[in-house]
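A single chain, nothing else alongside it, follows as structure tokens in the form predicted alone.
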Amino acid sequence: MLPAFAMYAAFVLWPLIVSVNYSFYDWNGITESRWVGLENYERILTDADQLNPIFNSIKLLAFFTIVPVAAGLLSAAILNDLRSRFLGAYRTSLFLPQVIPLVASGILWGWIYSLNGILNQGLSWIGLGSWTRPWLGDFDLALPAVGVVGAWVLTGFCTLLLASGISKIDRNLYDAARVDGAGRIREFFAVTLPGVRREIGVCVIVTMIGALASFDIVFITTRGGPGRETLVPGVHIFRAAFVEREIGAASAMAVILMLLIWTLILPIQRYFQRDLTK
């Protein structure tokens, strides 16, 4: 385990310690730093503009977590009942967005959402030209538009993981449910959902971290705009550190984001790992 721990310490633990240390200083990355204590944290927690990226990431949970997990459950249940020689191709097509680099996905969806993109052309073709707009430049719809991209990317991951979990459920449980007169819906809630409880927990945790720590898709598609409507902590940290050269403030935001993720993830992890039979 020593080589793996050495890599983890070098690329995770040490940068974490350094970031916590930087968060107590006012430093532009070049000149001498100045100790400010908790001033960076106080400014973030009392300034609405500083908190806005965190609220945006929480809003993205609906698209990055709820939609992929729900769609993944439905797709996995359908795939479980589907008997076709093309089943492997179906699974591959669902998982394909997870394989594509997020930068490439962001560029692709930027083209789709553009004023002359496929989406607007399709709306015009079916007679809904009044609905066309620059989706990523709309103050009301930019964040949901980015959320759709995240949902598209993560749905395949959830589907594949949940389909694997469903395949491990004892088929006798389904036979017993049918003998007792359970229909498809009752069978889903009584057998399938309890059987993939741990897999659902993994999906929820991974997608929540993806929403709260999102960077690639937002940076490529909107850079946090229009205005600050799609600004998330990852992009805000990048701007503060490398554009505005406020290393201390960026480090403080990174620490707050880490604590937020831990606060939300740990209870969820404990809940899904709990043995309900006890």
Partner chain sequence: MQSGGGEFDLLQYLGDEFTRQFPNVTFEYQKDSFDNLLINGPRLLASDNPPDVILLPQLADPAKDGLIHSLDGYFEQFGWDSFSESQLAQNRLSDEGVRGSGTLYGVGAGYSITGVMYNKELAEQIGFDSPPATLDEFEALLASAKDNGILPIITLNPATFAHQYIHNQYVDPAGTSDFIFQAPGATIDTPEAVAAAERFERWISEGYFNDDANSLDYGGFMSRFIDGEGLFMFNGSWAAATLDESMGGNAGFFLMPPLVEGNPPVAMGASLTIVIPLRASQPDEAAFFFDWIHTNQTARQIVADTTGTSPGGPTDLPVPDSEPGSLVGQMQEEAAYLAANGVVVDFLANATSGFLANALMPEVQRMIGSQTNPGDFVRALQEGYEASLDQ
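Numbering follows the first chain given and starts at 1. Just so we're clear, the structure is a prediction, and the values are computed from it rather than from any experiment.
Note that the form predicted in complex with the partner chain isn't included here; everything after this is about it.
Between the partner chain and the residues Leu136, Val149, Cys203, Ala163, the one pair within 4.5 Å by heavy atoms in the predicted complex involves Leu136. The stretch in contact with the partner chain in the predicted complex, judged by heavy atoms within 4.5 Å, is 108-116, chosen from 108-116, 154-162, 176-184, 71-79. Highlighted residues Thr31, Arg43 and Arg245: every one comes within 4.5 Å of the partner chain in the predicted complex, counting any heavy atom. Residue contact check for Phe238: one or more of its heavy atoms lie within 4.5 Å of the partner chain in the predicted complex.
The closest non-hydrogen atom of Pro226 lies within 4.5 Å of the partner chain in the predicted complex.
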